[in-house]
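There is one chain below, alone, in structure tokens, taken in the form predicted alone.
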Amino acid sequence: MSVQYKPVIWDRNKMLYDVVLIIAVGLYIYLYLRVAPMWANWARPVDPQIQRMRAFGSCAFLMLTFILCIGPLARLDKRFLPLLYNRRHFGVLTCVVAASHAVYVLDWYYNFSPTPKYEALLNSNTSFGLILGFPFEALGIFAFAILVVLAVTSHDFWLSFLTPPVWKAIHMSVYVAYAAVVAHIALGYLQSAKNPTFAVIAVGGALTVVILHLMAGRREGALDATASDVTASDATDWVRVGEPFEILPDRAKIVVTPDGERVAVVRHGDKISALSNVCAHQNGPLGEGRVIDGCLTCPWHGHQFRPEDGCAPAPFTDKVPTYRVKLENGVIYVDPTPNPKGTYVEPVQLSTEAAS
């Protein structure tokens, strides 16, 4: 988290994350080019140039698959959150690997074309009306264009400039890119592949992405379904949160209001406060984080907000809406009507017995 727009602010965790990524990519490319050919069919040798383009292409596909798995894995198990924290670095490196694949393709198949190679790439196959024989190259170009846009706009400058909802909507196009990559592989390489290994990997990877998202969606749907438990004839009725001990110290309990909004009810010290569960940075699940230095800290990227007023600590200026809370007969309730962003709300003070 930075108050200034600098190209990259590396700390130890970011450096370690990037080093591990680069080593993993380098190791995969090495094994693909040096070790895998030992088990190849020498009756049908593969040109080294083709081997290189397949190495980088398959690596980019596997990286993109893993990127799309990180989100639901982090929702299902918080131990995966460290992978989510710097996922944008993962995405930028994936774009670089995909670009290497594209360069090898152009240099091998179109370098000696009588027309410019980019023009030849676009005009070499225009059978868009077919399934078998469909110009899968166009799908690869489309997916790569999306990856470039996502990589270029990955910095927080664009997040702030475009606003989080717009930025998030743009970056959700990674799913469109992934679908195009899967189709690119299915209509291209897999049509002529003799070895079923990568077909199994490609299908397995795509199914894994779908299954993990369905599992995470089911979990989130179960939370949203609790809104029916608080629906009342009077929309101003307060929402029951539970007894204070149900909220772990320096943690939050997420409740859903009758209109479907999620509220993070935070226990900080011997006080209870409530604020929006939507982080102002990337709309992350603020309530799934914990209180650090007196601020509820988003588990996605570490952005912090004071529980009592929803304001980020100085010098940051981000704010989120707050909610009124009350304690009646040993039960915490929250007003479903949000206050304007940054509004101070007096926390509920717990007695020693209630806090324990």
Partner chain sequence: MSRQDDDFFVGYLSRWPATLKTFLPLVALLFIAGFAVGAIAVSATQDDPGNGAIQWGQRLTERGYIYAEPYPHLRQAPTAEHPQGRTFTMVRAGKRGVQDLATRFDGQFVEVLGVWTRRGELEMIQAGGRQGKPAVAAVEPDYAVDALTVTEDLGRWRIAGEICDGKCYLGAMRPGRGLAHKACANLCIIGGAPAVLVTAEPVEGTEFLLLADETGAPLPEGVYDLTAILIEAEGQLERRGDLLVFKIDFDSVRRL
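This is a predicted model, so every value here is computed, not measured. Numbering follows the first chain given and starts at 1.
Not pictured, yet referred to below: the form predicted together with the partner chain.
**Q** Answer yes or no: in the model of the complex, does the partner chain come within 4.5 Å of a heavy atom in every one of Tyr28, Phe80 and Ser192?
**A** Heavy-atom distance to the partner chain in the model of the complex: all three under 4.5 Å.
**Q** Thinking of the partner chain in the model of the complex, which stretch from 272 to 280, 192 to 200, 154 to 162, 255 to 263 has heavy atoms inside 4.5 Å of it?
**A** Flagged stretch: 192 to 200.
**Q** Does at least one non-hydrogen atom of Ile50 fall within 4.5 angstroms of the partner chain in the model of the complex?
**A** Answer yes; at least one heavy atom of Ile50 falls within 4.5 Å of the partner chain in the model of the complex.
**Q** With the partner left out of view, is His268 within 4.5 angstroms of the partner chain in the model of the complex by any non-hydrogen atom?
**A** No, His268 is distant from the partner.
**Q** Check Pro307 for me: does it contact the partner chain in the model of the complex (non-hydrogen atoms, 4.5 angstroms)?
**A** No - in the model of the complex, heavy atoms of Pro307 and the partner chain never come within 4.5 Å of each other.
**Q** Check Met172 for me: does it contact the partner chain in the model of the complex (non-hydrogen atoms, 4.5 angstroms)?
**A** Judged by the heavy-atom cut-off of 4.5 Å, Met172 is well away from the partner chain in the model of the complex.
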